[in-house]
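Next up: a single chain in structure tokens, the form predicted on its own.
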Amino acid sequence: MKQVFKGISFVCILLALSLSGCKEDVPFNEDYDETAYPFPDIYRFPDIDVPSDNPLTIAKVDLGRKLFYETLISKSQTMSCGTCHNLGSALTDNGLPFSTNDIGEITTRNATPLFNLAWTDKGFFWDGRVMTLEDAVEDAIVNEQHPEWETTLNGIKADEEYAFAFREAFKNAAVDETNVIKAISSFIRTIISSDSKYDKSLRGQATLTALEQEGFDLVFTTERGDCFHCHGVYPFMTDNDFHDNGLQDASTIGQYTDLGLGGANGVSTDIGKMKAPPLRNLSYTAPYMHDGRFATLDEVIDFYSEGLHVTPNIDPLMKQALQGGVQLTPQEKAALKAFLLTLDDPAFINNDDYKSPF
């Protein structure tokens, strides 16, 4: 019995030493606040999946909002995420077809809106090149803001308010690249647009006009407008998937000017496919399409009505491509536009929770 007791004592000592070593990796941080962010329960919006290694907390979301608008996170220290994602433009780039990154290069695609991304599950960006929001944030920061991370992090560490905010947001309290990305991702995950006139009509708080209802029917209930295949998924107004919508004037694979999803994954049958954007907040997100070629919503409607190209990978759901489009009448175009405008959300673009805290 005596030998067994000694053996057990030896094992306990080793276990205690092991646990002590683990604690050294994550030092005690009395400022850490793990209070969960109260994600709202929104009518007909599903639950969200949050990464297990990036739990959503109030402190982290608050920090992420500051970092989203922090210009230190750029090579020149003059450009933030919010520079190209302006809230008044539904977090797109101020009506510009393309953005200018921190080293003066012009981007090749239109900046996408940043609302309702907590529910994206099929890839981010027009070409779907990354699968998680955290990877998307990292991609955008590295390729658009070009930070020199040592300089950026030293600048953040020198700010006592930031140092405390990182202690509140992260158990390890580390002011590092990983935690910067996690914090910004957490903030973006909470950005929601859900209070348009159409949303209110579903909640019994508003009524569509006859013209708006006619446009609703074109989107949701018939193939006359042929919109519902890609955009008729409520509440997001996109299927979050990738399609060749006949935009590019390409009769062969080699004629595509933007490879889209196929350029990201190397699959030839995916060349030319772009992510279907949401139909929400169209009044604020012009110009339209991945290359910003259409300045007005009327031009977009005209394109789908009579401007389609029959491309090698055109989506089979574009059933009227051979006729150039769905050939809408002037009345149908007016109705479609009227309904699309019911998806504007003025409360969203004026939400103080999404504005710069500086």
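Keep in mind that this is a model prediction, so the values were computed, not measured. The numbering used is simple: start at 1 and walk along the sequence shown.
Note that the form predicted together with heme C isn't included here; everything after this is about it.
Peer 1: Could you tell me which one of R129, R167, K75, K200 places a heavy atom within 4.5 Å of heme C in the model of the complex?
Peer 2: Selected option: R129.
Peer 1: Can you pick the one in A111, A118, I156, A90 that has a heavy atom within 4.5 Å of heme C in the model of the complex?
Peer 2: Flagged contact: A111.
Peer 1: Does heme C come within 4.5 Å of any heavy atom of E306 in the model of the complex?
Peer 2: Judged by the heavy-atom cut-off of 4.5 Å, E306 is well away from heme C in the model of the complex.
Peer 1: Should I42 be classed as touching heme C in the model of the complex when contacts are defined as heavy atoms within 4.5 Å?
Peer 2: Close contact is absent here: in the model of the complex, I42 is far from heme C, nothing within 4.5 Å, heavy atoms only.
Peer 1: I'd like to know whether L322 contacts heme C in the model of the complex, with contact meaning heavy atoms within 4.5 angstroms.
Peer 2: No.
Peer 1: Contact with heme C in the model of the complex for H290, defined as at least one heavy atom pair within 4.5 Å: yes or no?
Peer 2: H290: contacts heme C in the model of the complex.
Peer 1: Since the partner isn't included here, can you check whether heme C sits close to all of S283, A335 and T342 in the model of the complex (heavy atom within 4.5 Å for each)?
Peer 2: The answer is no: none of the three residues contacts the partner (heavy atom, 4.5 Å cut-off).
Peer 1: 171-179, 157-165, 238-246, 191-199: which one contacts heme C in the model of the complex at 4.5 Å, heavy atom to heavy atom?
Peer 2: That would be stretch 238-246.
Peer 1: Which residues from 217-243 come close to heme C in the model of the complex, meaning a heavy atom within 4.5 Å?
Peer 2: If the 4.5 Å heavy-atom criterion is applied to heme C in the model of the complex, 217-243 yields G225, D226, C227, C230, H231, H243.
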